[in-house]
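Listed next as structure tokens is one chain, alone, in the form predicted alone.
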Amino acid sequence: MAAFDPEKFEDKYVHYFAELQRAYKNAFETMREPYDSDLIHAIDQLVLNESEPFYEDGTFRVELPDDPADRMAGSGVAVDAETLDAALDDYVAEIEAELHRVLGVERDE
């Protein structure tokens, strides 16, 4: 794999699509361990499908769409706000960690 190029990440779906898919898939598999599988599937399909990863100042961040709780309302998955917030925080952190790992970008600790 070629070295990560931050400028190419601005057009990430052209240059890094396979790596993005791998990072999201790896995060999904990891998140199925500590959380209910139905919850993680619903978050994946209803919230993260419209998330956007960015690379800024040497780190990746994932921006979620507005109102994730509203998006989950029709999922049929009963989840309280506290659990959803915790799962989203953990899921986003896992995706960001996977982006660093998959793209070979060292992370500031």
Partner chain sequence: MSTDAQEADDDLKERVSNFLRRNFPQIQMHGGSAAIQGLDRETGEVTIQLGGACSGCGISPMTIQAIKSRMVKEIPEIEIVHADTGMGGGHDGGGGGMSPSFPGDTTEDSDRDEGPQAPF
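As the structure is a computational prediction, the values presented were derived from the model and not from experiment. Residue numbers count along the first chain shown, from 1.
Just so you know, the form predicted in complex with the partner chain exists too; it's not on screen, but the next bit is about it.
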Candidate site Tyr24, Glu29 and Leu46: all three near the partner chain in the predicted bound form by heavy atom within 4.5 Å
yes
Please determine whether Ala42 contacts the partner chain in the predicted bound form, using a 4.5 Å cut-off between heavy atoms.
yes
How about Pro68: is it within 4.5 Å of the partner chain in the predicted bound form, going by heavy atoms?
no
Residue contact check: Thr83 to the partner chain in the predicted bound form, 4.5 Å heavy atom
no
Looking in the predicted bound form, any heavy atom of Asp89 within 4.5 Å of the partner chain?
no
